[in-house]
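Shown here is one chain on its own, the form predicted on its own, set out as structure tokens.
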Amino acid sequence: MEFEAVIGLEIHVELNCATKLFCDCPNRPGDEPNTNICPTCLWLPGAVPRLSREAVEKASLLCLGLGADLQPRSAFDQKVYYYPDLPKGYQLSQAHLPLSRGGTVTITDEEGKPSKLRIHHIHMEEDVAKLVHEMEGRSPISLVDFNRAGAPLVEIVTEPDFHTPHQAMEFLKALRTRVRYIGSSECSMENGTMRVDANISIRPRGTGQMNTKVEVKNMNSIRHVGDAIAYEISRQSAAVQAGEAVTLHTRLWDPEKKVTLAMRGKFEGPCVPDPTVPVIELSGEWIEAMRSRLPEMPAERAERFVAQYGLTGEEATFMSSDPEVSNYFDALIDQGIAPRTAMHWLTTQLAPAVRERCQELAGTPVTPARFAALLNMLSRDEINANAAREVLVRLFDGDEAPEEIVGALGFRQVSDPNALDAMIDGVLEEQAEAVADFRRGQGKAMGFLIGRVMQASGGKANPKIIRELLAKKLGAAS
């Protein structure tokens, strides 16, 4: 029997608000343990939560950016369960009246065709504390850091529209890009600001039945999500073929062993309307005002790159896949750089150099104005590509202008034919065998001769002018 998977995702995204969801404590989980705390996020008796307006706005922008419909009324519930990282016994979440419903994300499927995957709803909730397990010493212990408790989250719950690991991974990539464009979250799975659970079941291919699902929790990379889904499909298929029943439970992904491991039985606690947090009421005018704050989204930007800059569809999609890169790209063109020159040097030289230094493109000392000045010198043939790469490295180390670095290092390119003539004549006289090879039709001899002239000039000669002069001289000699 051939099986197909039915997969739904639950994605927790931490909003990059200055404070937590229900108090004024800083939203910085990475600080020293238990320093950003108060009676509210410690859940002490009598503490009253105060909903953050910033969190509602950032969550609403995220919903609108994913094509969801903001609900006129949403409310918080007490999701009742007890765990050491939730000592008050419930989590404030939106179980019955979520912030938004609907929404879609378009991906490219395995056949290269666009495919729309649906979102069921998006709701707000508070994060729980963080358990820190100390395994060294005579007695292993677990500690609780409340810095993360109360951090503002949204949970994006999809429809069970996914059937392959590829679809899930592409959905997460597209979702992450959109949320980063909106600016509501960094969406870093490595840093914990985006966490993914996958609900996976299998059924005979071609049927519409829904079978018992298994949830794989808290995966911290998109690749792990794909690997875990692939493993779980294989594991469940083998179990069913062996006559075993698939039971409802939660599993964890072990990235070293590349297997899912049973964690616990699935428990759904009651969700009781919370009496302390007022109902959120959004007017149509407010929703439209929020919609007007949405930035240009990736698909729209890609279309503009094709129409305005003449990029191919594939190039435009690539250049719009990261908001920092596409913003920088736009800034370079505003500085007068040709689109293809900007795309090439940004993606092959600057972006890798920034990543190598563990920097963010938006915060690099190589600002668009400084980089554009360097590329303008290159386009005017004042320096060659090798010199431009050397200058780029030095732009990271100080605030000197590219022109100053070029002058100090003597990188200015020689393009005067009169200055290059004597050098070229000398090389032609010394390399008579290469000249003969060129005349016999060996094209690579031209490259060899250009290299010799470049060497004779100390790397300062303009290779385009060298090629033109060599072609004339060799043509005349032949």
Partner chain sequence: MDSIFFYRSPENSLSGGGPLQGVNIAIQPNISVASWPTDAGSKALANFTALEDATLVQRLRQAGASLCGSTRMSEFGFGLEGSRAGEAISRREADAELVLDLTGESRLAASRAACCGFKPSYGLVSRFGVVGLIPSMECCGLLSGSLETLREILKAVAGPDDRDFSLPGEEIPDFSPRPVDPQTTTVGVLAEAQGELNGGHKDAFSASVEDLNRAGFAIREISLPEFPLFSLVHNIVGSVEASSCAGRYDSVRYGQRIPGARNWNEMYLLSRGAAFGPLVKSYLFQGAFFQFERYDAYENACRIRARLVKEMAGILSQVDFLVLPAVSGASSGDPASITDLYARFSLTAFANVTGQPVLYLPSATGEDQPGVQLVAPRLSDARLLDLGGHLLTMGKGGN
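Numbering follows the first chain given and starts at 1. These numbers come from a predicted model, not from an experiment.
Separately, the form predicted together with the partner chain exists; it is not shown, and the next lines address it.
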- Task: Find the only residue in 278, 398, 407, 114 having a heavy atom within 4.5 Å of the partner chain in the model of the complex.
- Result: 278
- Message: Just to confirm, with a 4.5 Å cut-off on non-hydrogen atoms, which of 28, 452, 412, 50 contacts the partner chain in the model of the complex?
- Response: 50
- Query: Does at least one non-hydrogen atom of residue 78 fall within 4.5 angstroms of the partner chain in the model of the complex?
  - Reply: yes
- Would residue 426 count as a contact of the partner chain in the model of the complex, using a 4.5 angstroms cut-off between non-hydrogen atoms? no
- Quick one: does residue 46 come within 4.5 Å of the partner chain in the model of the complex, counting heavy atoms only? yes
- Item | is_contact(residue 351, the partner chain) in the model of the complex, heavy atom dist at most 4.5 Å | no
- Item | the partner chain in the model of the complex: contacting segment from 38-46, 64-72, 426-434, 442-450, heavy atom within 4.5 Å | 38-46
- Query: Judged by heavy atom distances of 4.5 Å or less, which residues of 101-139 approach the partner chain in the model of the complex?
  - Reply: none
